[in-house]
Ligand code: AHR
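One chain follows as structure tokens, the form predicted alone.
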């Protein structure tokens, strides 16, 4: 018997901010140089930006792009990367020289060409509150002060008007340049926020946080009145030192309580009565962490073969399978379900490393996760609506599968991840149905709410380990029209290891 799903479009739960489909790019490996910024490449435009990558980012309607880090930012001094005379620096986070030829103005050009909001993360490691506020001055003031005038002299007469700013990256972590105690952090964020809003009272500010009571409570009590957002990060399959990736089943085990961090931070915001004022920005996330051995360790790699060359393992396209796509869809469903408190999320990164786009000198590869963003931004709606079953809550009837996590422990996870959205403009309804089962299909029926047309969009591969590569395209979006039965329902067999959107028009 199929699972009978009942969509109730009149029960709107929350409005979905499109910034939950945001992205992130950092000065790491081939994300910037030999990535999006490659002036010598014939595929680049007059500003040195790869047009094929920009077109791919436009297709998934990137709403906001976080930059320049990440760990990179905690020793980054933006003033050395603007104007005609750029000063190369040794990046102490990633231990490589950065030529500083891609700086603030180049980043703003990139955002304008994509059509997305810029989101600048500031140096709260070796930087100061004054340096952060000077950056706001450079970007946002019309012509007042030293730095607005420098922007004008650099050829940018109009302000960049950067609305979104983050104070710091992961300054709670021992790996971060300029890590802070919770007391130090609260004080620095307070003074930084004060100065930044004195420059431009319209900026929206975030600050680095973690699902830790001591750290986040102190931050919120000290300067919650200055903040509009609170920033959290999470990677599940941690492989910074040893590039042993979790297999498909272990990746599905990570979907258990995928939104646990959101729940914990929501609780802290609620306890301090800030849940209506401050939203969560999940501004770094991915299934797998980046591989960068012998850098965030006490004993550093002495030779580049020890710490630089291994980063090329991130470029192995066979690593990015249906496991990544299914996990990414489950994450986005979780953000939709939490869209009353989550207003932004940034896939880390958009390009190369673990990105959804891979670039090489002659073109790009769209990895499995790219198609998830394509599916969601172009076919899911802007309002989270209720979906249940004829037997009540989803949790009561969803099938459960047992998988082995990376440590070999058995974990029970629901086989299907389901959520529904509506369109406030067209009245269309979209139902996301993710099947985590590696080998088993599941039958469902969906009421069409009186709408007359049904289309099924699916992402799948010939098997769970399918992947895309240069001259190999095993994963894409397919579509088919569905027959609406006399009882006003559509009946579907949801294929294994698949991401699906049923669109009712």
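Here the structure is a predicted model, which is why all the values come from computation and not from measurement. Positions refer to the first chain, counted from 1.
If you look for the form predicted together with ligand AHR, you will not find it shown, but the lines that follow are about it.
Visitor: Since only the chain is shown here, I'm wondering whether residue 307 would be in contact with ligand AHR in the predicted bound form (any heavy atom pair within 4.5 Å).
Guide: Output for residue 307 is no: heavy atoms all beyond 4.5 Å of ligand AHR.
Visitor: Considering only heavy atoms, tell me if residue 226 and ligand AHR come within 4.5 Å of each other in the predicted bound form.
Guide: Result no; residue 226 lies far from ligand AHR in the predicted bound form.
Visitor: Do residue 156 and ligand AHR share at least one heavy atom pair within 4.5 Å in the predicted bound form?
Guide: Outside the cut-off, so no.
Visitor: Check whether residue 292 has any heavy atom within 4.5 Å of a heavy atom of ligand AHR in the predicted bound form, and answer yes or no.
Guide: Within the cut-off, so yes.
Visitor: Among 205, 110, 258, 71, which has at least one heavy atom within 4.5 Å of ligand AHR in the predicted bound form?
Guide: Checked against the cut-off, the match is 71.
Visitor: Can you work out which of 98, 417, 284, 134 has a heavy atom no more than 4.5 Å from ligand AHR in the predicted bound form?
Guide: Exactly one residue meets the criterion: 284.
Visitor: With the partner removed from view, which of 361 to 369, 163 to 171, 218 to 226, 266 to 274 is the stretch that lies within 4.5 Å of ligand AHR in the predicted bound form, judged by heavy atom distances?
Guide: Of the options given, it is 163 to 171.
Visitor: Taking ligand AHR in the predicted bound form, which residues along 87 to 110 bring a heavy atom to within 4.5 Å of it?
Guide: Stretch hits: a single one, 94.
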